[in-house]
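Only one chain is included here, represented as structure tokens and corresponding to the form predicted alone.
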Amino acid sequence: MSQAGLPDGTRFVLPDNAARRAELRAVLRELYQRWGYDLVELPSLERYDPEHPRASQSFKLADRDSGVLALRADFTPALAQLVRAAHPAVAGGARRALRYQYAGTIWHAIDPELARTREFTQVGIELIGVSNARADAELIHLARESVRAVGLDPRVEVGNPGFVRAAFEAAGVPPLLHDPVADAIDRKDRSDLARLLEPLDLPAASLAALLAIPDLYGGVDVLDQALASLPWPQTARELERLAGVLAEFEDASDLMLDLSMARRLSYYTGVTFRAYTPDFGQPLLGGGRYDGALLPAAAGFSLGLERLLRAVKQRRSASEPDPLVLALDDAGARALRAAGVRVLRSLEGDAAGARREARELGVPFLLSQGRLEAIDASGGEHDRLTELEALLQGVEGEAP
């Protein structure tokens, strides 16, 4: 479908995709509600803040009073504002669990030459006010259940940027190099990592320990491997925290440890995670603990609905099948709909016109004057026609 005339990075959403989007949002909303996460709504307009984590991606708007506003570029800072307004004690450090879920559009100003999407639908949850292993494990549980709920097989990779940060401190990596070195570790680029560390003239044991981090990936035994490779008290404490989170799982078969997770090192303070499904190369969701970044104790995750839709595109939704019957008979159509059949009302006034309409729409059956007929007699639809006739007769037989 042509998107001509639309601003770069925006799109129309046709009924089939709109139905899938609505279904996935409903499935996730119900899942989070069952776990105690209450839905909140947040404003799309915010006051522009140059310190906002997504300030460089924000769409800036001039307000009537010459102030500068921005379209929402991320839900987490807006949710932190909600907590500060509605729960000042929690925002001040009081220990009280707040569980929230959200869903809606975010907008990113981008270079059209590099990316084509400017608006996304983001769905997520936040667990605020408590920072311990059980809280971290709850979010990882829900990350895994989010993937299962939409019919996919989950794999959740769990890491702890605090482990990488502790390794830098113990090895003596200068703070100015933390971000580029962490980026190389997160990309598992050992050659780039070695290039960045070479000028530091670190002790051989420290250099070897840092170069080992990108390979610390696998099952629970990775914790023992990490303890042996990085035998520092600081890193041991971070590994103990991660072990405490894993101990909260009766079944950790869908979990993998990735101790090279080091993205946004200055933001995430504890356990982080990403959820995948086999045969889809991009993460479906991601998040973690960010105590002190926006609130004293907070963690959560978010997923992009558009990416999730791409991952489930082979799974057909029962809520939006193709129309099965075209009807000239309103009473019969009403009976079939009551039995769960999807029925379109013909916009033609006679059987010949309705047959032509059905062929154009690809609808296999026509209902007229209480009788069903197959539009394509050679289409092998006899069994389905018999089922529909029996269903129609059964519904009509139940009428008073």
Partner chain sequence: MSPPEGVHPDGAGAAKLVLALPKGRVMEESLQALRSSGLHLVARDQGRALRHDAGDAVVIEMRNADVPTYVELGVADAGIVGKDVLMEMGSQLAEPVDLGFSACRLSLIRPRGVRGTIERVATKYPRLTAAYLARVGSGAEVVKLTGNVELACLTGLADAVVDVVQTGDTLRDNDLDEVDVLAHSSARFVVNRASLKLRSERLRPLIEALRRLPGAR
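Numbering follows the first chain given and starts at 1. Being a predicted model, the structure only gives us computed values, none of them experimental.
Beyond the structure shown, there is the form predicted in complex with the partner chain, which is absent from this document and is the topic of what follows.
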So in the predicted bound form, does Ala194 come within 4.5 Å of the partner chain, heavy atom to heavy atom? yes
Does Pro233 reach the partner chain in the predicted bound form, with heavy atoms at most 4.5 Å apart? no
- Message: At 4.5 Å between heavy atoms, is Glu145 in contact with the partner chain in the predicted bound form?
- Response: no
Should Asp279 be counted as a contact of the partner chain in the predicted bound form, where contact means heavy atoms within 4.5 Å? yes
Exactly one of Asp189, Glu248, Asp74, Glu119 comes within 4.5 Å of the partner chain in the predicted bound form through a heavy atom, and that residue is Asp189
Partner-free chain; cross-checking the partner chain in the predicted bound form, the single residue of His141, Arg134, Arg310, Arg237 with a heavy atom within 4.5 Å is Arg310
Note: the partner chain not shown here; in the predicted bound form, the stretch from 95-103, 325-333, 172-180, 279-287 having heavy atoms within 4.5 Å of it is 279-287
Contact check, 154-173 vs the partner chain in the predicted bound form, heavy atom within 4.5 Å, ordered by sequence, gives Arg155, Glu157
